[in-house]
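This document starts with one chain, in the form predicted on its own, laid out as structure tokens.
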């Protein structure tokens, strides 16, 4: 039993001598157990920090300006309608891109994103009476104004992307596919305010007790 205590004590002393006490700040470099030849050019690499300095570049900055012509992932202009809401001539496009399938799944996604990012200001039904209005937020436009009902879908997409007036851009929060989903849901909210029994397909009128 005595030998067990001695071995344990030896292991503890050895571990502390190598690793140090918890919270200890070392002034020397850590022990290097891998030879340089095992990892040539990889063992000691510079680590630039954001807004830091770098002796490698002539201007001394670690941060680098993107190469001219760099395009953010998912934002190629190969499909202006899908990614920018515009026609080839630069005008705002009406309707949804051919790549977007307007179905119940899209509306569900749109409702989810709308509830998170839009409802606080625009309200659950798009009337501009969101929770922010109770805390002094200025007038938020209602989606049920004729101006917004008639606005091209591409212009709505552009507003979500770049923002407008007091509305901040949401391009960093909503990818293009989600922006179209939100627009589809907004159109559904608008339609819900103006729909009539005449809009119900004949095959479904009996479900609502209509003739």
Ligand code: HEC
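On a predicted model such as this, the values are computed, not experimentally measured, just so you know. Residue numbers count along the first chain shown, from 1.
Although not depicted, the form predicted together with the ligand is the subject of the following passage.
Heavy atom within 4.5 Å of the ligand in the predicted bound form: which of 28, 51, 45, 166? It is 166 that has a heavy atom within 4.5 Å of the partner.
Which pick from 62, 177, 162, 148 sits with a heavy atom within 4.5 Å of the ligand in the predicted bound form? Result of the distance check: 148.
May I ask you to check whether residue 182 falls inside a 4.5 Å heavy atom distance of the ligand in the predicted bound form? Result yes; residue 182 sits at the interface with the ligand in the predicted bound form.
Please check if residue 121 has a heavy atom lying within 4.5 Å of any heavy atom of the ligand in the predicted bound form. Output for residue 121 is yes: heavy atoms within 4.5 Å of the ligand.
Given that the partner is absent here, does residue 141 sit within 4.5 Å of the ligand in the predicted bound form, heavy atoms only? Taking the distances in the predicted bound form, the answer for residue 141 is yes, it comes within 4.5 Å of the ligand.
Taking heavy atoms and a 4.5 Å cut-off, does residue 137 contact the ligand in the predicted bound form? Yes.
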